[in-house]
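Given next, in structure tokens, is a single chain: the form predicted on its own.
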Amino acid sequence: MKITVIYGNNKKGSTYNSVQLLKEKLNEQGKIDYTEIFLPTDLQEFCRGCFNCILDGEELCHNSNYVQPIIDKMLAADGIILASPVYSLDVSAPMKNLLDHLCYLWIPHRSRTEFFSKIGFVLATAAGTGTKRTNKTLKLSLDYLGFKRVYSYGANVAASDWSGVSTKKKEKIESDLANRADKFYKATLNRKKLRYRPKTRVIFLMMKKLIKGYDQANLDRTYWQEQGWFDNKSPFKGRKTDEDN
């Protein structure tokens, strides 16, 4: 099993250490190969809002040399973990920057069929509050990429650093993550057998009708046409993963 972990900052604090606890529990389930991405080290430029990726093609993104390697690692994974500390009651700026760069891959644009079979896990920690809002932001992005399932966990640690988190709180986080790790692992292992979520299908069908009416030269329309999504093909039917080939 391959899992890509993306951290919303470079600091090895509460968020990082919570992910390590999650990884420990996942490793008890079976062999896993991890790829780790640290932001902003692995994505040093901010999205300019130029719309190049959406209107003209992702290869014209000014930051494609940073963004495409991250996307490639996401596509190669069976499961993806997004982990962010809470900054101003939401995701960190580096994590938001990555989410901004991923928008062209949303279902309303040009979602990759590989994403429709992936399982996600979002994790947030906060010295105070805001983990629910942060996880909602993270989960929404994975939902719009087409992920089959997304699990979440948030911990309000009442400390600015992992060293200041009480032993009792750490034990609670470890216990909570043991349960969620089991669900995440089993879902990722059996992802081909899981039903697609109604929400994903609804978004897809709504966008299918809308995008079909776009101008013939529109990049999104061209992509959907090439996928056969205006005809009888569907990302929800007959999807095969690399293991099937």
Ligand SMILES: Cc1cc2nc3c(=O)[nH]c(=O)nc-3n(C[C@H](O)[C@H](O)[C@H](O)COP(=O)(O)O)c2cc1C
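Each residue number is its position in the shown sequence, starting from 1. None of these values were measured; they are calculated from a predicted model.
This protein has a second form, the form predicted in complex with the named molecule, left out of what is shown; the following refers to that one.
The shortest heavy atom separation between P108 and the named molecule in the predicted complex exceeds 4.5 Å. In the predicted complex, at least one heavy atom of V157 sits within 4.5 Å of a heavy atom of the named molecule. Heavy atoms of T167 never reach within 4.5 Å of the named molecule in the predicted complex, leaving it off the interface. Proximity of S141 to the named molecule in the predicted complex falls outside the 4.5 Å heavy atom cutoff. Comment: 123-131 is the region of 144-152, 123-131, 96-104, 168-176 lying near the named molecule in the predicted complex, near meaning a non-hydrogen atom within 4.5 Å. Applying a 4.5 Å heavy atom cutoff to the named molecule in the predicted complex picks out P85, V86, Y87, S88, L89 from 76-114, in order along the sequence.
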